[in-house]
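Just one chain is shown here, as structure tokens, and it is the form predicted on its own.
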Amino acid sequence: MPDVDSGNTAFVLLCTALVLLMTPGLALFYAGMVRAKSSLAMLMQNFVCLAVVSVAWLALGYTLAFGEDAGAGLIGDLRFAGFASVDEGVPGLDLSIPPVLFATFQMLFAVLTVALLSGAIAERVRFGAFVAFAALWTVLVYAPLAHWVFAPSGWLAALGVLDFAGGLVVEVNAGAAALALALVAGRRLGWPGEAMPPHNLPLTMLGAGLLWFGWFGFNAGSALAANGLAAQALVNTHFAAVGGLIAWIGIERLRTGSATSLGAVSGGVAGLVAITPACGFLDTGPSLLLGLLAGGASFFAVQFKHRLGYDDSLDVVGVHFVGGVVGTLFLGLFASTAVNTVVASEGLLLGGGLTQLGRQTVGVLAATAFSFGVSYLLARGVDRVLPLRVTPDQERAGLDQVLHAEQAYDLGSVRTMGRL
């Protein structure tokens, strides 16, 4: 076992708890944005990831992501299957925390990434089919891409692609897979002609607040030590979220005359997404700029989906894929060796030339192609065995009652109270 530092261990324990909180936060964020009749189904799809993805990670996901490279930097071996020999540590990674804690911290990244996918297919997918897809996707898509980027022996890591906390592994990966799922599942009944407004924006804003809070653990914790780099990552995370929020509601105000609560939380999340790969490689000023760019880019990407005709219900592609791409490529402009000595080639605008921008572009293209292609084939395969889509009558009735025999709000009691 590596030498363990008690301070670093305490810090990463706290950050692990914060990352866990992000999945319930995401559940509330998403549930408020769907119609009331399917809000519990949305919550269930997110909460079940805490169980299903954890088991998949224990069984095979962790070892495929962080085991000894099994060839060409593409996949890990099976030495850590079932967390066997987990205390040996990650090959090539110098840890000052217990390896089992690192494995658990990374597990919760996988949980959140899979939960993100549910937003693209909200209000129309069977619970059992989603569970099956989630388990398989963790092993077949998330784990290999994590090996490419996060494992020291991964081919993108060896190439010099920078991704501090998951811009490629979490955000671009989730966005590309979400598009594949949305295409296989098809459009919601009535979309885009029928209005489908969020049913509970206060719930969505509460969820966004929990995400913002948890993201400090997600990003700062990726330093794996209680040090100056973790502090810089935390500060950068906050200012990028601030920039995204300002950009989104500013554009809204100019285009529509109103700055909306949904726009504020969407912009904040776009900034958080974009800073995820970059938080440990940037100064504070560029982080604010990145948030502004990501908020604006995601705003226009969300509008563009109607032209392309795909029904990404809760804008996973527009916010997470686009924000992840913007943040990953931004490193090619502003990555700084003064912030992190891991940076071998500084960004273009800091005098480092095009080298790092080229590497980041390769990372985006590889992650997108792999995630979309395998996710599309996997969704088609699951659909043949366990049909993804509910029936039209079930969709009209709402997934809460049909799939879970529950409803989020006892509307009958509310009506009765109104007559008293």
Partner chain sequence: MRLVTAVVKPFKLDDVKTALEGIGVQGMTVSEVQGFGRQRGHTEVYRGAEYTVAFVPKVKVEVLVDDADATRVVDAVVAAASTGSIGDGKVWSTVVDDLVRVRTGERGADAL
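Because the structure is a prediction, the values reported are computed rather than measured. Numbering follows the first chain given and starts at 1.
Another form, the form predicted in complex with the partner chain, is not on view; read the next lines as being about it.
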One stretch from 312-320, 160-168, 137-145, 105-113 that, in the model of the complex, holds residues within 4.5 Å of the partner chain by heavy atom: 312-320
Should Leu101 be classed as touching the partner chain in the model of the complex when contacts are defined as heavy atoms within 4.5 Å? no
Can any non-hydrogen atom of His306 be found within 4.5 angstroms of the partner chain in the model of the complex? yes
At 4.5 Å between heavy atoms, is Ser118 in contact with the partner chain in the model of the complex? no
Exercise: Phe29 in contact with the partner chain in the model of the complex, heavy atom 4.5 Å: yes
If the cut-off is 4.5 angstroms on heavy atoms, which of these, Ser266, Ser287, Asn219, Asn173, is the one near the partner chain in the model of the complex? Ser266
Exactly one residue in Ala81, Val235, Ile75, Leu201 has a non-hydrogen atom within 4.5 Å of the partner chain in the model of the complex; which is it? Leu201
